[in-house]
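Below, in structure tokens: the form predicted alone, a single chain.
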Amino acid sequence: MTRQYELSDSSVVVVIGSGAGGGTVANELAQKGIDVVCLEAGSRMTLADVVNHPPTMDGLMGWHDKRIGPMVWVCKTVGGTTMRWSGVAPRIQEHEFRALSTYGQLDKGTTLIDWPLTLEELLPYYDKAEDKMGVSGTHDIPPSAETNNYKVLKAGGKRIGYKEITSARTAINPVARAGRPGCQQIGFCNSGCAVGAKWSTLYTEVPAAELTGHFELRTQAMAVRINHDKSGRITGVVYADADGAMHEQKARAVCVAGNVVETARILLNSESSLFPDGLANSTGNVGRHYTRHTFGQAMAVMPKPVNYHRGTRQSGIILDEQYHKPERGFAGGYIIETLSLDPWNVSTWAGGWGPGNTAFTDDYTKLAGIFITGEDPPESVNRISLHPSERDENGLPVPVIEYRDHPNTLAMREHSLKMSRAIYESLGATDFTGSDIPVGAHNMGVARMSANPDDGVTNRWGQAHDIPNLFVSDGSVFSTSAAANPTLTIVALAIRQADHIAERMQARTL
């Protein structure tokens, strides 16, 4: 049954955000009998609201509050960006947890550190996350169906010598499982999954938490600031409801999971005489070391029809380039993944009018596509801060997003597009285009974990170095980006964090 907690109830854990991190940590805590109030800035959709039309769905669930700087592709809805993601769920590799030790500091601009935990420590939580999410090819789950787009990638990859090629590692049910149906290969997965085969906290974690009787979801509840007492201990969260009225929910502890922009904003906006630069920001690291992966995108016209829009948007991956091979001219590695785009986005990306556009739009049925995600080195100048005077429609300081590509990123992207061209040309592609993707997805790093408080914001549990009952539960805690799509790791860390919070509560140290 759904609970309703009093605003004065200081025994609850308040979770800000209901996406991969927030929805998961909230459910995990509720399953342990811990009372949780989850504040979600957006509204709650149902599967009936999902249509295969990207502009419509962006209007329903996109985050359109004013921001300054490059676009960040996130959602304002129950489920957060788990409604928009494509489901690709590989693990971070062992060497990527030791980025500084493996690569060294690339130059004076980078701020690489090692994670304060190891792959070995995270392995049991990766197992739990994969089982929870239904990641294909794990836990006796079949691999994902081999779409035509994947078959092209696989054939071309083999021709140029790649060996680690798989249609597994996707959190979309290939067959019915855990109350969710099997994939119907409808396509356009980042508009939301109309049947619920793709894992999203909207219809997995949130309903499961509600059934415990230890959870309340408050929608259209925009977190504004986090309050504390004279000792610096968190006491509650102030939020605005749908009518703009302000409320404060008292709390025993707070978990922030707003996807990096909102996570940074609420911490920075919660300044006080005790924390003049914002909560958890005594070392000035909140909002800094923002990373978003090295992105690349490639598209080719193949000799015969592919119909890459049929089937899951990202249905397979090549892992051969994910390793650290400095002889390629850059540190770290990248993953090659399939990609399909709707006709409008194909035309937009191909650009303008004329033959450069029509080569791809006229032969839409023959297109094959690749998405590149690679390790992005953190830099202190890549950050999210607050505008000193400008306010948005909620009366909050407007976030200012600053991001630039590092030379390592540029070299990695150039190499990835060269290899993408080789994959398609080995099969006789007649046209090819490849470029950066100027979109802020896979957002990480603004409240990163660090062994040394001077290097970050949170410890190995995502607990703020400065404040014992404040936690960060989303991709903001990533010490470095690694190459893998981040959602699986966000979920694994959230499960681990919930265990830690429960243990501390039982021991009465929280």
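All of these numbers come straight from a predicted model, not from anything done at the bench. One-based numbering along the sequence shown.
Not on display, but discussed next: the form predicted together with a small molecule.
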| task | With the small molecule left out here, work out from 319-327, 436-444, 112-120, 267-275 which stretch has heavy atoms within 4.5 Å of it in the predicted bound form. | result | 436-444
| said: Please determine whether each residue of Ala20, Thr82 and Ala257 possesses a non-hydrogen atom within 4.5 angstroms of the small molecule in the predicted bound form. | reply: yes
| message | To verify the annotation, which of these, Ile501, Ile16, Val13, Ala492, has a non-hydrogen atom within 4.5 Å of the small molecule in the predicted bound form? | response | Ile16
| query | Just one of Glu96, Glu379, Glu262, Asp376 has a heavy atom within 4.5 angstroms of the small molecule in the predicted bound form, so which one? | reply | Glu262
| said: Quick check on Gln497: any heavy atom within 4.5 Å of the small molecule in the predicted bound form? | reply: no
| query | Though only this chain appears here, would Trp461 touch the small molecule in the predicted bound form if you measure heavy atom gaps against 4.5 Å? | reply | no
| query | With the cut-off set at 4.5 Å between non-hydrogen atoms, does Trp73 touch the small molecule in the predicted bound form? | reply | yes
| query | Taking the shortest heavy atom distance, is Gly87 within 4.5 Å of the small molecule in the predicted bound form? | reply | yes
